[in-house]
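Presented as structure tokens, the chain that follows is alone, the form predicted alone.
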């Protein structure tokens, strides 16, 4: 099978939006069942869909920072993305988007609200002054995935009872952060993994929005199970990723009142920190 490419992949087709003629800033989309967990559509996939619509109205191509508030659970099927330009400057522009679906009574229900600032990643200076270092993880071949046993297969399905999204992802978990899959969570609240799309499509800024929300929840490593819905997610895109697999680490330091924060970092094949994220999630 030929490797998928940026612009010609399942991810690109499933995040496509179509502008409504005569209705400025309004786009139609179809949320694919292929990106669901427990029948709910993955939050990173939703964010990428909204960001694709914002990319069509803003004069700058790349999301620098994007924040989403998840208001109600989304399901597969038709959706509408309503966008607005907040400000358009010389080097950056800001917009907002609302993703909506129609409920059983025929009323529009807002699922997601997004604010994003865009720029041109290719125009940024190439100087880097950082104390951040790539985290340690065994080689891809020594990490574990769905083919490595029943317990790992359950882990790769995020203990959700649904494998739809995992069929589209290539995730190999660091064995040191996968003990929860075999009933032995570390209690540290850490997940580390290699990440790619199953069809071989290389990463770009839009797919990074999916990547930061694609790993099993850190709550699993605390010994908790079940659905962990995202309340808010912020992503900073730092540069365009190089071709090849990504390395993603997520961790939580504080679970209190039924909520936890989850910090993520994404490194590319050239050891560059290409994205950072923080989300607030509810533990049920």
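Residue numbers count along the first chain shown, from 1. Being a predicted model, the structure only gives us computed values, none of them experimental.
The next section is about a form of this same protein that is not shown, the form predicted together with another copy of the chain.
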- request: Could you check which residue among 57, 222, 37, 228 gets a heavy atom within 4.5 Å of another copy of the chain in the predicted complex?
  value: 222
Contact assignment for another copy of the chain in the predicted complex, among 147, 136, 122, 128, heavy atom within 4.5 Å: 128
message: Within 4.5 Å of another copy of the chain in the predicted complex - does that hold for a heavy atom of every one of 5, 42 and 245?
response: no
4.5 Å heavy atom contact, residue 116 and another copy of the chain in the predicted complex: yes
query: Do residue 10 and another copy of the chain share at least one heavy atom pair within 4.5 Å in the predicted complex?
result: no
- request: Find out whether any non-hydrogen atom of residue 33 is located within 4.5 angstroms of another copy of the chain in the predicted complex, and reply yes or no.
  value: no
query: Would residue 26 sit within 4.5 Å of another copy of the chain in the predicted complex, counting heavy atoms only?
result: no
- line: Partner contact check in the predicted complex: of 137-145, 197-205, 70-78, 165-173, the stretch with a heavy atom within 4.5 Å of another copy of the chain is 70-78
task: Taking only heavy atoms into account, state which residues of 236-267 are within 4.5 Å of another copy of the chain in the predicted complex, ordered by sequence.
output: 236, 238, 252, 253, 254, 255, 256, 257, 258, 259, 260, 261, 263, 265
